[in-house]
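Taking the form predicted on its own, here's one chain by itself in structure tokens.
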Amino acid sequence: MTDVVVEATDVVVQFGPTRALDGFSCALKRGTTGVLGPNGAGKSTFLKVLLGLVAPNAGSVVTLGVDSRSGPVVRKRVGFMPERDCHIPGLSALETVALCGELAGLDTALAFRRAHETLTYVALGEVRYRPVDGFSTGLRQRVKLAAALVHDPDLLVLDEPTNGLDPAGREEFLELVRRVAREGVSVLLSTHLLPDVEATCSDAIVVGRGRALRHGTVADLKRGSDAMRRVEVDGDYGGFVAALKARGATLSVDALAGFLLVGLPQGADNALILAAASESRTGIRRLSRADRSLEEVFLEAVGLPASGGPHAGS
């Protein structure tokens, strides 16, 4: 079994004068991947191509080993949860999910049996016979998730799944997604909420201007330069800063967070920082490589200025 679930190669999608995808290429592995990008970046078009809903003008997308242009074949193995509500007025949760199962190729009896199982799985077993029309936003999101899972897909594609949820509902929903992933289903999570990706995904891809701008594990994307250090000190750090600058280091200070970001000159290591601390009689509480936030990675990739001061992690 290949480790790649979606492979896009030089994909171009043109809508009139607008080029929604412009040489889009990526290889997404099994597991959980966050798809990030500003409005108009090409995220939704990419999802529609991999689902076989939009045919590319050039290039190709292979989903689970199948050319995405074989739409129905692909969609039998992929579960899709759209951003917008898509239930039929008057149908109960059970009828809605069973109908999605039939559309995915299950016979009626199996579709209803699976609908019962998946609604229980997403904690809607007690309200399965109620019309979806009267459900809250959180319950409707769970119905959509059940509908995406009813045919037991190998890949689950979620488009802005936590939109409109309060913090508690959002965390409950993300825990459901993590549970699905732990049980072996690969997940693509398309969202503008970076914390959702950090809480759920091992990998991330940043989309902008119709292309894949960054792609890798979340840890690798956030990893800072080997020359940057985060330093937390005890007491006044004026003398320490002067000693660091005298040794060729560059600095920025996050007074609110209480740490220094130190850029080491070429060839230097932590010994330079320790020597400056010793000279200035400064106590160091913590010394670590300065990693970036996922927000910084995202803003850098799409060419937008950072929204605040320096971010760093341990």
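Keep in mind the model is a prediction, meaning the values are calculated, not measured. We number the residues from 1 along the sequence you see.
What comes next is about the form predicted in complex with a small molecule, which is not displayed.
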Checklist entry - Any of the heavy atoms of residue 263 lying within 4.5 Å of the small molecule in the predicted complex? => result no
Next on the checklist: Does any part of residue 301 reach within 4.5 Å of the small molecule in the predicted complex? Heavy atoms only, please.
Outcome noted: no
Item to check | 4.5 Å heavy atom contact, residue 59 and the small molecule in the predicted complex | outcome: no
Checklist entry - Can you check whether residue 43 is within 4.5 Å of the small molecule in the predicted complex, heavy atom basis? => result yes
Checklist outcome for this item: Of 35-43, 61-69, 244-252, 283-291, the segment with heavy atoms within 4.5 Å of the small molecule in the predicted complex is residues 35-43
